[in-house]
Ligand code: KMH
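Heads up, the chain below is alone and in the form predicted alone; it's given as structure tokens.
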């Protein structure tokens, strides 16, 4: 690769606005974040939304408004989370695609998520993947553990390639209950991906930097953002998502793989025109 795809995961479903004031939870905050992160070097925005009380929601009306606002504010690829919060029912997670995003996350298995369980049984995974094919939405296969990689192979063998024809994965590392965020695990996971697949890597919390540098060294791409870490350095909170994107862009540029533009990312990921 000669350039680096940078995804910003701006909000997530776990962080609390009261303890992280820079977390974007309103529509205006998300739109402003998208514009700032595009300028800093992001090409994709991975989106969770909040309600009027800053609590996670999968309300389809709000999701549609969010997709429209993000497209008006930036050229970023809009990738909606189908994970939501760990308590969200499967029906609501499938309905996320009603908001007609460019892409969506597709987690390939159940994982212990701290004290909770992020449930993704095989039946739900199949239903979601088939729905992406019907709706023309490009999935990013989120892989929290090695069993998820095996499930992705099974999914592709049964239903064929995704919309756009290109398999792109995100290795989510450092979640308590999932695979650790270190270079040895990263290398082992990459070896098991399908031939021709590309991948990003996400390091949760203090694994952010080891995973970022390991991914760049191994030819991978990056996901950063306040969904994944709320500190920029020990004892120093993140000032905003753009700060994390800028650090990733600087590292990618230093590695002589500068950030990919949104237009190039659309071609790279096979995002259909809308």
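On a predicted model such as this, the values are computed, not experimentally measured, just so you know. Residue numbers count along the first chain shown, from 1.
Missing here is the form predicted in complex with the ligand; even so, the following discussion is about that form.
A.B. asks: Honest question, do 86, 113 and 144 all end up within 4.5 Å of the ligand in the predicted complex by heavy atom distance?
C.D. replies: The answer is yes; 86, 113 and 144 each reach the ligand.
A.B. asks: I'd like to know if residue 13 sits close to the ligand in the predicted complex, meaning any non-hydrogen atom pair within 4.5 angstroms.
C.D. replies: Yes, residue 13 sits close enough to the ligand in the predicted complex that at least one of its heavy atoms falls within 4.5 Å.
A.B. asks: Even though the partner isn't displayed, in the predicted complex is residue 48 close enough to the ligand, meaning a heavy atom within 4.5 Å?
C.D. replies: Residue-level check for residue 48: yes, a contact with the ligand.
A.B. asks: Would residue 227 show up as a contact with the ligand in the predicted complex if we use heavy atoms at 4.5 Å?
C.D. replies: It does: once the ligand is placed as it appears in the predicted complex, residue 227 has a heavy atom within 4.5 Å of it.
A.B. asks: Please run the contact check for residue 200 against the ligand in the predicted complex: heavy atoms, 4.5 angstroms, yes or no?
C.D. replies: So residue 200 does not count as contacting the ligand.
A.B. asks: Partner absent here, but in the predicted complex, which of 103 to 111, 152 to 160, 176 to 184, 189 to 197 has residues with a heavy atom within 4.5 Å of the ligand?
C.D. replies: This holds for exactly one stretch, 103 to 111.
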